[in-house]
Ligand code: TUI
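Encoded as structure tokens, the following chain is the form predicted on its own, with no partner shown.
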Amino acid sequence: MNTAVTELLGIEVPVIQGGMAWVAEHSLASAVSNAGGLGIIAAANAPADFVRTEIRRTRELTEKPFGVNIMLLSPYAAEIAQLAAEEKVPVVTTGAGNPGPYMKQWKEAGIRVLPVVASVALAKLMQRAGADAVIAEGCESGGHIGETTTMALVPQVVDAVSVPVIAAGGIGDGRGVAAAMMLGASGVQMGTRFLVSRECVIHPNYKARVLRASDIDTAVTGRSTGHPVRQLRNRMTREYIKKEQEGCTFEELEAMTIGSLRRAVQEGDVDHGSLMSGQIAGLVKKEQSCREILEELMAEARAAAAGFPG
């Protein structure tokens, strides 16, 4: 499936794997890239030495393009930005900030830059800063979210910018891929579907919870703090939301979540861990390899689009 995104990134399938903290590492990224999509390593709050090792391990496993997701609020953001340029990573995706200060060094290194945006205003700002494409992410996605749904956000961003747009949030099968294309997107980013891929290294307890999830099994914590996060409901989310309603301070709420994502991913704590997942989890019902996922997505997308002219 050739689109503006596949041509821009040199990939075969217009699917980008989400840069999920503690989840998106070399095993998953290389598997997605080898299957024709764009695998992503999540730098999150990791130091440069850790990310450098992940980049080099990924290169040992694939000759295909891959990317690094840089969370610009990380205390190591400047170091990771420099590292990406030094390593000449093919693609950088960014979140939680403005990549403008790093754009020159990335461009000089030949890096494609794809910021994640949650509004039209931010999409326009990123285009002016030199972004090669933007990832328009709706509030259906897992992890940190904005306010606008994917269905509403994507076409407005498409109309507002001239660079390719990648749709994200609530996309879990080929019907979602086809729908994103109908809205004007040139590709999609997916996270939740890849959580249950065979190559994903999260704890089996976490995978099992995603596979058992229904359409109403996610909750959003942190709305009162201005940092909303979507995750699967569990004891931690219930306690957190109760404390929010009681008016607890930011510090008290923050103390409940410190280390919670690591506990979910590495220890399999499904009661007090942060099981980040999108609303589409109810559609994800089987564990597959990344190649099987992408092949199925493209077959479903073609079937869904077959009845539409053009």
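Fair warning: this is a prediction, and the values are worked out from it, not measured in the lab. In case it trips you up, residue 1 is the first one in the sequence shown, and so on.
Only in words, not in the display: the form predicted in complex with this ligand, which the text now covers.
Fill in: Option touching this ligand, based on a heavy atom within 4.5 Å in the predicted complex, out of Leu28, Ala281, Val68, Met276
Of the candidates Leu28, Ala281, Val68, Met276, Met276 is the one lying within 4.5 Å of this ligand in the predicted complex.
Fill in: in the predicted complex, the residue from Ala96, Val163, Ala208, Met182 that sits within 4.5 Å of this ligand by heavy atoms
For this set of options, the contacting one is Ala96.
Worksheet item: Using 4.5 Å between non-hydrogen atoms, is His144 touching this ligand in the predicted complex?
Response: Taking the distances in the predicted complex, the answer for His144 is yes, it comes within 4.5 Å of this ligand.
Worksheet item: Taking heavy atoms only, is Met298 within 4.5 angstroms of this ligand in the predicted complex?
Response: No.
Worksheet entry | Partner contact for Ala78 in the predicted complex: this ligand, 4.5 angstroms, heavy atom | Ala78: no contact with this ligand in the predicted complex.
Discussion item. Residue-level question: is Ile216 within 4.5 Å of this ligand in the predicted complex, judged on heavy atoms?
Written reply: Contact with this ligand, no.
Worksheet item: Where, among 191 to 199, 97 to 105, 174 to 182, 233 to 241, do residues come within 4.5 Å of this ligand in the predicted complex by heavy atom distance?
Response: One stretch meets the cut-off, namely 97 to 105.
Practice prompt. Determine the residues of 73 to 90 with a heavy atom within 4.5 Å of this ligand in the predicted complex and present them in sequence order; the list may be empty.
Written response: Stretch hits: a single one, Leu73.
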